[in-house]
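Coming up are structure 1 and structure 2: the same protein chain in two forms, each one given alone as structure tokens.
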Structure 1
């Protein structure tokens, strides 16, 4: 990854212009051409350094439901349960973590009412309880990865 790719990543995580020619504007501030920026973004999306390029929605304001959930799964069942849990389209960011509660995932649903329903469906399918830990207060959000 060269200095231009790094500059693109560092700068465009902070935001992107909403305008008729947004790539041209962003490219100008990076000191490269519009076509080069588009090509570099395409390459970084293709080789999976970037997950996507677009809007980050505010799930709750969009009328959706969002929660962090955890489960305690015995080692011998872990892969099977992970597959079952990941089969739900509402499940994102499912991480194994080193704790008795060893499976942690984010649930994002179209409506808040769907959260308890999906939790029940996951419990029914896997046979294990799900601990629901929705956000109560937000103190800071600043996810930004400098490269």
Structure 2
């Protein structure tokens, strides 16, 4: 990763312009061209240095459902189950944890009623229970990872 890629990641974690040409505006503040910014983002996505680039929506304010979920998966099945869980379009932010509940992910659905349906589908596909931990209170952390 070169200095420009680092600058892109560091800057765009803090926000992305909302304008007619957001990539051009973001690129100008980085001192590069719009096409170069788009190509660098695509390259980082293609080679998995970035897992995702896009907006975060407040699913609940849009009428959707949102929940934090966890599973206890034996190590020998972990990769297979992670692939199964990640095949659901409603799953985001799936991370391994050093804990009895070693797989954690966010479930975002178009409606709150879809949460239990997706949980049942994941359990049926994987054969492992999913622990649903719906949000009770929201805190804004402002997380930023400097690279």
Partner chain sequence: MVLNDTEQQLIGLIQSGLPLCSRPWAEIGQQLNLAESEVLQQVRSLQERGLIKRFGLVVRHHELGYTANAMVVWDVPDDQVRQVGEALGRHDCVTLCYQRPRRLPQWPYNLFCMIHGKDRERVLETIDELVEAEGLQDIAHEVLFSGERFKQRGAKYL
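Positions refer to the first chain, counted from 1. Quick caveat: nothing in here was measured; it's all calculated off a predicted structure. Heads up, when I say rigid core I mean the largest set of C-alphas that superpose within 1.5 Å between the two forms.
Which number belongs to the form predicted in complex with the partner chain, 1 or 2? It is the first structure that is the form predicted in complex with the partner chain.
Please state whether residue 129 has a C-alpha shift of 2 Å or more between structures 1 and 2, with the rigid core used for the fit. Result for residue 129: no, shift under 2 Å.
Displaced residue check between structures 1 and 2: residue 60, CA, 2 Å or over, core reference: No, the C-alpha moves less than 2 Å.
Shift of residue 34 between structures 1 and 2 at or above 2 Å (CA, core fit): Where the cores coincide, residue 34 still shows a C-alpha shift between structures 1 and 2 that is 2 Å or more.
Cα of residue 142: shift between structures 1 and 2 in Å, core-fitted? The shift comes out to 3.1 Å.
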